[in-house]
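What follows is one chain in structure tokens, specifically the form predicted on its own.
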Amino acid sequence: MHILFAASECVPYSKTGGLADVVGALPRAIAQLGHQATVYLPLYRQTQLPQAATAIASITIPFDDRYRFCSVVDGGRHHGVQYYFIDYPPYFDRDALYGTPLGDYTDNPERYSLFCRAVLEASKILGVPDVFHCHDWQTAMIPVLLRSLYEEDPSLSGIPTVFTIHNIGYQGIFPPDTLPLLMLPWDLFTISKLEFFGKINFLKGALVFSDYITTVSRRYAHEIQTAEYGFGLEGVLRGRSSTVSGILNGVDYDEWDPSRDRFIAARYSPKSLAAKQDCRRDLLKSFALEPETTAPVIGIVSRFAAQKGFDLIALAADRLAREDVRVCVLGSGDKTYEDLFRRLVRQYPGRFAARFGYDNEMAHKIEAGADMFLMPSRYEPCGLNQIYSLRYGTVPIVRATGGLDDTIEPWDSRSGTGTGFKFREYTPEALLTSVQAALNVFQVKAEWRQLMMNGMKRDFSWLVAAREYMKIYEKVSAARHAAV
């Protein structure tokens, strides 16, 4: 089969979060299974394409005010995957992908609608796929367009779409007058289609018009059908529950494995764990903490946002500082939480240390050098760092939500089973109780080693997820052909 992936970001070309990791890895796994995989992305300022060539010189995209003319750049074939980039500098040659510190770019609906229409037009020239696989609200117009303006296009009318929700908290909600600007018919502005509390909702459109909906963990697929986690779209998802599935994200073990990691001080594996202590000392030195301490080291690598549980950390931090622990933090985001960690570093020198911004090398050092990894998310569609932590023998402490609940099994000292520590109530007390349980087991070296080994043996490779996606691609393709 030929699967066309459309997304707003993808490593190594562009990244703001886990979406980029998924789009970087899943098509490669699909190609490994013997299928054809093509990825379409915007050509951002940060995108580096040293040997790019023009694939299509000009594509005309109509807007209400005037036409836009974009081109398609051939990014080449890598790891069996063909990459194409939609090039329109007025929209994509900017400092950031989605906005500035002051907020999202106001023309984001135009930017990503142009991208979606360009992908459809380019596919008619460069290769019509068997399935369009779209990711998050930035590509939501592809299924909407296919079932509206392109419904009678003989090249595309029978092509099914699979849509993946990576985080339902981001929906692409805009004023209703965006519809005519994008040359979309007003009959889409109904409660059964794109209308959402008087505005248009790109994500809702994709949920209505896609053939199948996936999200990035089994637990999250159930959670988003509830009022607590559905962000207003739970009713739409419940109405489509028979075509909603959760497929746990995989991880790239070529990049995240302590036996081959190029960023860490020493490599190690389940058969030889001693070098993890070298990584521990290196991490503590990197954060200007005492490298020979025997106190457990807790790592955090995250975007600073309430969704990630930083409001809980703020409430628990001073009590956590009373424990004999070292906390190494890497991240950026909400200024409130950046200021929190600046205060903790000043108030508890030698216990808290923080770096702000994203540093890939330091993220690897934390995974390898920490004893525990803290992820107390309010909600977490999948999460990747807890899975990285398992492979590195760094024991996760997580809240039992979304993919965190699916991937971490609670430690049971009687049976010697489990891979980490979980808490369910979203309270600082529950967080601290779970941390304390981990600290207690850390003192029992034989149990701690067993806990580490359990996690390091778990396999969350992308080929497992890719096979599940292939079943869905085949299902929607067969259903479309049967309907013709």
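The structure presented is a predicted model; accordingly, all values stated were derived computationally and were not measured. Just count from 1 along the sequence shown to find any residue number.
One more form of this protein, predicted together with a small molecule, exists but is not displayed; see below.
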- Tell me, please, which stretch of 264-272, 277-285, 374-382, 315-323 lies within 4.5 angstroms of the small molecule in the model of the complex when heavy atoms are compared? 374-382
- Message: Is residue 308 part of the interface with the small molecule in the model of the complex - any heavy atom within 4.5 Å?
- Response: yes
- Message: residue 167 versus the small molecule, in the model of the complex: is there a non-hydrogen atom within 4.5 Å?
- Response: yes
- With heavy atoms only and a cut-off of 4.5 Å, decide whether residue 303 touches the small molecule in the model of the complex. yes
- Even though the small molecule is not shown here, does residue 216 get within 4.5 Å of it in the model of the complex, heavy atoms only? yes
- Query: Which one, 138, 249, 123, 201, lies within 4.5 Å of the small molecule in the model of the complex by heavy atoms?
  - Reply: 249
